[in-house]
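This document opens with one chain alone, in structure tokens, the form predicted on its own.
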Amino acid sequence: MDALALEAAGGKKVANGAAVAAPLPPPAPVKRKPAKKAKKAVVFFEVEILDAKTKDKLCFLDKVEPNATIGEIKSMFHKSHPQWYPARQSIRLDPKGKSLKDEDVLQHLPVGTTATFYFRDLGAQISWVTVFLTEYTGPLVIYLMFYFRVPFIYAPKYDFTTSKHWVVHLACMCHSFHYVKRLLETLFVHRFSHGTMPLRNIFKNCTYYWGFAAWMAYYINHPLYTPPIYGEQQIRLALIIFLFCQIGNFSIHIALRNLRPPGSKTRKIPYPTKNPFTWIFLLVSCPNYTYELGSWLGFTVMTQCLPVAFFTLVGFIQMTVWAKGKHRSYLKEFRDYPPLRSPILPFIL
């Protein structure tokens, strides 16, 4: 039978003159949709914030996600209390406890699904960069005023005169170099783990730096100033010490900067690099303070001035306090911290 006959038979085959139905194709398999995985129920937290002093309820946050950070909780709290911006807040687990870090996660803290935190106002805040620029610009300008002997500092006959001792000019260059270096490091090198500090600290810091700068500059640039007793040998040795320690201090600041990526608050153990000035990390936790101390010791020897010696002593005491605190923090945070290191002076302190 030809094709026309087959079509007329409705797709039936003919066998022995009789039309036979053609077998139907097997049904297409039914595709089943994969079963959806049951979503885990998210347990939200309720956060209650109380005043650390009065225990009064300040804020209640409902349905806070478990992975919320303290920084995010501060932002939520700020919405209900606009006068307390996040940098001004101290959130604690205990009224007299330590402040929690902004990166701490709610579900990792020792609290239940109804968490109670305590708030303390840190006062008005100011950025670290602003504080550093202010406290370092002051000594630079004040010292130069005494160096150029502007009116109303010394007797009128000495107005705008210059010293006959070359060590006075060298001291001015070293002092100016030191604070210009600090200003540039503040702008381009330092990475701060905390963005702000209490506003009241700027007055305390400026009083310290500006006051000592004026006291030192008054005597070093005084018309009756006498140069060091051992003359050029003492001055040159002191200059070598000063410059060596300034380079060392800068090298340490660069090494510390490279440990922390931009915008990060991560902390790592600092180790020596290829730069020989960083090899002191083998023995000291805070070599930036060690080099800073060395710089001012060199400046003291160079000028042989009692106010400079007193400033060096006070600075050494303060830097020792900071170094010991940072050294304890390293030991607490890192179990593998090198045991041979001292806070600021190798094998001594």
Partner chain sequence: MSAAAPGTSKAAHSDVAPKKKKGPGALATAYLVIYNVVMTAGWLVIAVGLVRAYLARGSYHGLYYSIEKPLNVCPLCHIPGIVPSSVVLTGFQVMSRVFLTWAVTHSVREVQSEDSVLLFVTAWTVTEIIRYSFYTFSLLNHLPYLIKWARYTFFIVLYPMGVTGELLTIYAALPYVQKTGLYSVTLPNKYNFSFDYYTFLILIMISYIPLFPQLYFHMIRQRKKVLGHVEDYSKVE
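Numbering follows the first chain given and starts at 1. If you're wondering where the values come from, they're calculated on a predicted model, not measured in any experiment.
We do not show the form predicted in complex with the partner chain, though everything after this point is about it.
- Remark: Y219 counts among the residues lining the partner chain in the predicted complex, judged by a heavy atom distance of 4.5 Å or less.
- Remark: P307 counts among the residues lining the partner chain in the predicted complex, judged by a heavy atom distance of 4.5 Å or less.
- In the predicted complex, R328 approaches the partner chain with a heavy atom inside 4.5 Å.
- For T226, a non-hydrogen atom is located within 4.5 Å of the partner chain in the predicted complex, even though that partner is not displayed.
- Between the options W215, Y118, F146, F277, the residue in contact with the partner chain in the predicted complex by a heavy atom within 4.5 angstroms is W215.
- Exactly one of the stretches 45 to 53, 66 to 74, 288 to 296, 320 to 328 approaches the partner chain in the predicted complex with heavy atoms within 4.5 Å, and it is 320 to 328.
- Residues from 320 to 349 that approach the partner chain in the predicted complex with a non-hydrogen atom closer than or equal to 4.5 Å are K324, H327, R328, L331, R335, Y337, P339, L340, R341, S342, P343, I348, L349, in the order they occur in the chain.
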